[in-house]
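The chain below stands alone and is given as C-alpha cells, in the form predicted on its own.
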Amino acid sequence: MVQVYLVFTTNNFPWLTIIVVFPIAAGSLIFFLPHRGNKVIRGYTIYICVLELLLTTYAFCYHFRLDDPLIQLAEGYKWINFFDFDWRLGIDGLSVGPILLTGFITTLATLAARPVTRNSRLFHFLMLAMYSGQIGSFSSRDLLLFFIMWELELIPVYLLLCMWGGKKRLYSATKFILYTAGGSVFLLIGVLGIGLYGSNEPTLNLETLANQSYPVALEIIFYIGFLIAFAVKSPIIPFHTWLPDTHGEAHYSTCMLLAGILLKMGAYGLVRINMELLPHAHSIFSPWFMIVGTMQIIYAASASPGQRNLKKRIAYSSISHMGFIIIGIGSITDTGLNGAILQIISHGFISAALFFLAGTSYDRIRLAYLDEMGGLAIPIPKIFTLFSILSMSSLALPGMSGFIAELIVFLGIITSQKFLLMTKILITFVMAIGMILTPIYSLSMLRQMFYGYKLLNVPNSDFFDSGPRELFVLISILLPVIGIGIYPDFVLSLAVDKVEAIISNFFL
C-alpha cells in the first residue's frame, strides 16, 4: 500500500523537490525537441542549468538561516509504509556549499563542452541526470533515498565515459563501474543494517538515527560498511586506482563533474553518516584517518610526476589534495572539520578548472602526453597564463582558496586534543613534505607543456588561443578561488554552526 502525505516548508512550497527533480525532468524533454541541431540542444541544456542554479540560489538566500544548525526547507512524501521508506529532503549548513558547488560546476561544464557531434541529445541528458542525482544525494534525509540518488549518478558517468571517452574508454568505464558498484554494495548493506538494527523500530530517517546510540561492536560494523563505500568514491588509498584511468579517458566536461563534484560526495558521506550517525566508531578510527590521509598526500604527490598523461597527472594531484580532507575529518576538531569542508569547495573549483584547461589544450594540439608537448606559451598565451595561475592555486599559493583550506586543516591537527603532541608534530611534518612535493609536479607540468621548442613550428589550423567561451568559464572559476582565498569566512559561515553540533557529539 502506498500513501502520500506532504510536509512542506513554512511558506508551503516544495523547494527542494523541485530543485532535485527539475534537471532530470527537463532533460528528458531533450528527446522531444523539434530541432535536431547540436546548437539548439546545447543551448537548451545550458538554459536548464542556469535556471536551476538561479532557483537554488534564490531558495537558499531567502529561505535558509545560517545561524540554525537544524534541518531547514524540510519536506517529506510518504512513499512506502513498509520499512518506513519516505521521500525526505532537507538541508543544513553541511549541504548548502556542496549543492551550490554542484550547480555552479555543472553549469560551467555544460558551457565548456564543445559541440558533441555524436548523439548530442543523450550526452546532454546524462549531464542533467547527474545534476539531479548529485543534488539529491546532498539533500536526502532518508538513507535509502540517499542510496538511490548515490546510484543515480553512476549510470550517466559510465555512459559518458564509454561513449565519449578516449581510446581505452571501455576499459576505464568497466573499471569505474566495478569499483563504484562494488562500493555501493557495502553502502546498501550499511543502509539496511542501520535501518533494521539502528533503532527499536525499522527506520531510515536520518533525524531518528542521529539520536540513537548503538553497541560499540555493532557501530563499528556499520561504520566499516559505510567507510568502504565512501573510500571508493573519495577516493582513499588503496581504493583510488579507478580514478586516474577514468580521468585519463573521459571527456573533459565529464572530468570537471567527476573531480569537482563526484569525489566530494564521498567526503560528504563520511561527515554526514560516519561522523554524525556513528561518532563513537569514528573516534576509534580517527587515528587511522590521520595516518592514511598523510600517506595519501605523500604517495599521490610522489606518483604524479611519473605520469606521462596530462589528465592522469592532474588526477593524482586530486588524490593528494583529498588527503587533506581525510585528515581534517579525522582530527575531530571544529577547526579541522571546517578546513575539510573548505577544502571540499576549494578543490572542487580548482580541479574542475585544471581538467578544463587540459581539455582545451588537447583540442588544439591533439596530444595527451606531456613528453610530446612543449613550447605552448607563445602560441596560446591566455591559456598559459590561466593554467599557471590555477596551478599556483593548486599548490596552495597564499591568496588562493587552497592555501587557506590547507592552513585551517593544519591548525585543526595542532589544536586536536585527541592526539599526543609528538604525534601531531610528526603528522604535520609529513604533511609539510607532501606540500613541498606539490610544487614539483605542478611546476614540472607547466615546464613540459609551455616551455621548450617542440611545438613552435607545428602548423595547425585549429591552433588558436582561448576564445570568449573558454575565458568566461575559467574566469568564472578563478574569481571564487581568489575570493575564498581573500575572504574564506564567506564559505566557513555556511557550516560553522553545523560543525559545532557534529563535533559536540564526540564530547558528550
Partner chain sequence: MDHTYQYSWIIPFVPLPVPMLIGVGLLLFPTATKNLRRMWAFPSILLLSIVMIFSVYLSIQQINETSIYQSVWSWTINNDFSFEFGYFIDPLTSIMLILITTVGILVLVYSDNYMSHDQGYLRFFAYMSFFNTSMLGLVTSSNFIQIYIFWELVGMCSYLLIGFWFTRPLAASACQKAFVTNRVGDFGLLLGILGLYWITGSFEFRDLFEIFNILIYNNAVNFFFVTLCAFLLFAGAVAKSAQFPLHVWLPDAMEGPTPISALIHAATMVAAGIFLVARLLPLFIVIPYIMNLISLIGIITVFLGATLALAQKDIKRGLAYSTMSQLGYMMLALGMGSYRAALFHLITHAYSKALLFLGSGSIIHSMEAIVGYSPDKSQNMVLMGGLRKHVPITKTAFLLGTLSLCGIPPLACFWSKDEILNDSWLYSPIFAIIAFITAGLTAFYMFRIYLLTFEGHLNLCFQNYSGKKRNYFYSLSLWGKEEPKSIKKDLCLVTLLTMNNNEKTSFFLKKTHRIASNITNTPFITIFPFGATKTFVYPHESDNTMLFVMLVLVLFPLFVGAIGIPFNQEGIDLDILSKLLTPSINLLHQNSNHFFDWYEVLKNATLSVSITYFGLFIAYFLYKPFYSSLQNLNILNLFAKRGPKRIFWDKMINFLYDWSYNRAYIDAFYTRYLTEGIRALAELIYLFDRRVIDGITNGVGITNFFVGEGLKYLGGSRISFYLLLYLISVLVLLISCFFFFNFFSF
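Numbering follows the first chain given and starts at 1. Just so it is clear, the model here is predicted, and its values are computed rather than measured.
Not on display, but discussed next: the form predicted together with its partner chain.
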item	value
4.5 angstroms heavy atom contact with its partner chain in the predicted bound form for residue 75	no
Distance check, residue 169 to its partner chain in the predicted bound form, heavy atom within 4.5 Å	no
Residue contact check: residue 86 to its partner chain in the predicted bound form, 4.5 Å heavy atom	no
Residue 307 within 4.5 Å of its partner chain in the predicted bound form, heavy atoms	yes
Which of 158-166, 218-226, 234-242, 348-356 lines the interface with its partner chain in the predicted bound form (heavy atom within 4.5 Å)	234-242
Output flag, 410, 433 and 451 jointly within 4.5 Å of its partner chain in the predicted bound form, heavy atom basis	yes
One residue of 444, 28, 57, 476 in contact with its partner chain, assessed in the predicted bound form (non-hydrogen atom, 4.5 angstroms)	444
Candidate from 303, 122, 206, 71 lying within 4.5 Å of its partner chain in the predicted bound form - any heavy atom	303
Heavy atom contacts to its partner chain in the predicted bound form at 4.5 Å, residues of 479-502 in sequence order	485, 486, 487, 488, 489, 492, 496, 500
